[in-house]
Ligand SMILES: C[S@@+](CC[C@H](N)C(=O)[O-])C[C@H]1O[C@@H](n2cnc3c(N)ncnc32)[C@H](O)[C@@H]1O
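Before any questions on binding or motion, here is one chain by itself as structure tokens, the form predicted on its own.
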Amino acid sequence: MAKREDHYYRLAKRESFRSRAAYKLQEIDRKFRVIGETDNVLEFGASPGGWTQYVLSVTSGTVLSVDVSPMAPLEHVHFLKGDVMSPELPKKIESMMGSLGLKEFDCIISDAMVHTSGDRSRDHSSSYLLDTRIMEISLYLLKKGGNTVIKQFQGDLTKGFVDTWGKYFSSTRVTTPAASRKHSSEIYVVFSGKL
């Protein structure tokens, strides 16, 4: 089992990021340029806010963060507490978009993950279902040319997931950032340029 207080954990503390996960998104963004300087961003699985802090550092656009768990406020971030799997969530997001004057998002990102059981096959299947729901919402709310980044526990359903949703984008890449823990099966799928 990897130590909690590893290099990225200490770096996050030193640089005042709420979580080491910020460095995962930072690497993905630097590699694939998924977030533009004025992009409006929708974020799933936001709490505790490491990814959110990174997003704020690279865009002046509107940031809407969603999580089933509460998140301590961040200036210039609009937070919505909600469960991705709830049928009511898209309506809640659209309602908040209306109040913010938004019609679409330039970029949608997700670090959301199910509570792990320790059974890799079960955790993979659960993350696949969660990610499928996020992609359904994303396609509806993402503008043409927009980008999506989504985390998944890799497994036998991953290729089908990438192939199914990749058809809606000009390019798809799968990556594992250096900040991901060595024992983890997590990957990030980067869908670029919604068609």
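Residue numbers run from 1 along the displayed sequence. Treat the numbers as computed from the prediction; the structure is a model and nothing was measured.
The same protein also has a form predicted together with the ligand, omitted here; what follows describes it.
When the ligand is considered in the predicted complex, only one residue from 130, 63, 150, 142 comes within 4.5 Å through any heavy atom, namely 130.
Contact with the ligand in the predicted complex, judged as any non-hydrogen atom within 4.5 angstroms, is confined among 28 to 36, 166 to 174, 142 to 150, 64 to 72 to 64 to 72. In the predicted complex, the ligand sits beyond 4.5 Å of every heavy atom of residue 42. In the predicted complex, the ligand sits within 4.5 Å of a heavy atom of residue 82. Interface residue remark: residue 111 is counted as part of the site for the ligand in the predicted complex, having a heavy atom within 4.5 Å. Looking at residue 47, you'd find a heavy atom of it within 4.5 angstroms of the ligand in the predicted complex.
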